[in-house]
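So here's one chain in two forms, each on its own in structure tokens, numbered structure 1 and structure 2.
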Structure 1
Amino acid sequence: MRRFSRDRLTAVLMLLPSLVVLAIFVYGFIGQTAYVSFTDWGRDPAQALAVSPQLNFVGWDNYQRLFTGLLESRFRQDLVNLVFFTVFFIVGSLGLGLALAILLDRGVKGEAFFRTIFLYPFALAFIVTGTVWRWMLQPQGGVNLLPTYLGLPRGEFAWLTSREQVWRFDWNQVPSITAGIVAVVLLWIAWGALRRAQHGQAFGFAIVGLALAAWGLAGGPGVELLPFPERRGFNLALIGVIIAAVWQMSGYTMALYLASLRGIPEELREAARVDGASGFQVYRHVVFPLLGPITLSAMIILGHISLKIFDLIWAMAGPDLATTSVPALLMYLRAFRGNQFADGAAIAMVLLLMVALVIVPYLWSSLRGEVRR
């Protein structure tokens, strides 16, 4: 027994260095970044580049400027870009990945060959993908030339350099829009709880959801972030970046889905077919419901990749192009090019918060499930 506990101690001691290092490099550094984000580091150029800079505490000022300052226009567009990019990137990768997985699951010849082709972009660096697609998307060459080989006129879309913007809204509406989206999610959860006959839970979510919706419709517009309207929207220049990102990552979702499809017992499908279900109905009623968990996992993984997207845009459009920029890129530019470290730190903290909102519930639920198992 004593032997065992000594070994147990050894075990913990062996793990300890990693734990300490991670505690410092992850949590300690996050704390330090948080601290920097509350200072004025970088506003005074003499301090920004000094050997040992003097920092002053400025509270939430940096954050306030990001969301409501006249000059932080780019940050706000970056956030909007990021939201649109994330949505289309996830939908595109899941959709294409699922389609490819279903095609491959139909027992085709040369499956391994096709699988290799679909997945290889995942092995590439985003920098490589970006460099390649930048060439693909030159307005007067690449993809735009393809229609001419079918006898059609050349494509005219300016891809990465387009300045067109669609689905425009006023930045001042963001609080009410956010409230609306959260309300819809809450009501959806309430609906799910109702179906599972958990009336108490359903009632709670419904009340909060309705309250938010009401606030969004009535009180929300009273919140003025900016003293003037600021039009934001979806920059069409992002389409090219989204295509390249989907090109790179849909093989990954294909692999996830394929593994998942292979895990569905053939008897289940057979039973459905015996009951007279058509091919499509088998998917609709038997296969898709079983893909729920892997879809969620894939969404989380893709979502956090998307929130951190940096190198792909750098290589495709260059770090200076505001129309395709995202907060991860802006943070780098602010901190390491402009030496406005406090601003950079504040952007980084916003980014961290967004990632945490996605990841923490996921980690919590999947590990809790594991313990229960």
Structure 2
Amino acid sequence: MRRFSRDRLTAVLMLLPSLVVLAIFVYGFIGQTAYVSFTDWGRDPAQALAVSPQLNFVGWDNYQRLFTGLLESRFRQDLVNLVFFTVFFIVGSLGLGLALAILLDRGVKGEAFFRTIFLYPFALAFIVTGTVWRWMLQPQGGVNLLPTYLGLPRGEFAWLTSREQVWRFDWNQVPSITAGIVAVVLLWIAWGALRRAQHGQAFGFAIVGLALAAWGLAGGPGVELLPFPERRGFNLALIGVIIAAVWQMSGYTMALYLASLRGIPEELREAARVDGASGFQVYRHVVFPLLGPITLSAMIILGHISLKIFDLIWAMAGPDLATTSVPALLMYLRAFRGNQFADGAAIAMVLLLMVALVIVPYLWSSLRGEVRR
């Protein structure tokens, strides 16, 4: 018992410096940022850079202005840009990475060489990737000149400067759209609980999901973000940024998928072929289900990267181009150029909440699985 207590005390003392630094420089600063987001720091230019600024508590006013203020249209478009970027970035990285992994898993000649080539972009910093792709996507040069080598007219697509939008929607529909997405997730969870014979849990999730779906289909009564329609959509200028991001991270997902494919016993595939399964059916019913856990892990990592994306867009388009801007860039401009620290802190907390919505459920599920084992 004494030996156990001594070992435990030694372990605590060894971890204490790291825990103190973590508490101060991570959670302490997060707490300070949260506090600043509820103040008016920066609205008075005389107090913005004062040694001891006089801060007034304004509650949720900064957050309300971001989502419903007449002058905060850029933040709302940046948020829409971030959502579209995240979706296409994750889908593109996973799809291309899986395709490359399947090709390499088939035993092609020179596998080591191709594996190195595909993984090399991941070794680069986003700032380097952004600089190279900015040169390649210049509207007057770069890839737009490739058709000329085949005797065709030069391309005219304005990669990083296009102002055209597609898939436009009214910002006032955001509560209804969000409710619909959450309803689908809850109904999917309810279906999984029902298959595990957890009827009480399935019933609860189903009731909440159906209620949210009905509220969303009714147009979100009781919630009005703006007194007028505000059209938002996917800026085509983001296509170049998405291509660059997928090019860099697809090698990473390829490595994850290739390791998982090599870990699948060949006996399972042979058994499926003996039962008459075609090559496609082997992948659909045997390989892809076994890749589910690694796909979820890759989605979490890629989602975390995309929600915090900053340096790639800075290098490719700069911080002042609204068509490719994301909340992280706007946070920098507000806090460190405009000295509007409360607004910057509020944007930072919104990003933190979005990251938490991605990371926390995954960590909770993983820890619960470890406890069960």
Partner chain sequence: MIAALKRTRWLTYGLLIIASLFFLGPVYLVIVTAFKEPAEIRLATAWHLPQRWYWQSFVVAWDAFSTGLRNSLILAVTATVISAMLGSLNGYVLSKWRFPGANIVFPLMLFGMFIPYQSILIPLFQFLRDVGLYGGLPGLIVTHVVYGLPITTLIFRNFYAEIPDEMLEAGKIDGAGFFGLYARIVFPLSIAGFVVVIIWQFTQIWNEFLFAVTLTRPASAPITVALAQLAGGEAVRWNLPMAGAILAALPTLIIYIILGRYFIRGLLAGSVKG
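For numbering, take structure 1's sequence and count from 1. Not measured: the values here are computed from a predicted model. Basically, rigid core = biggest C-alpha set you can superpose within 1.5 Å across the two forms.
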task = Look at both copies of the chain and name the one that is the form predicted on its own.
result = 2
query = Quick one: core overlaid, is residue 152 moving 2 Å or more at the Cα between structure 1 and structure 2?
reply = yes
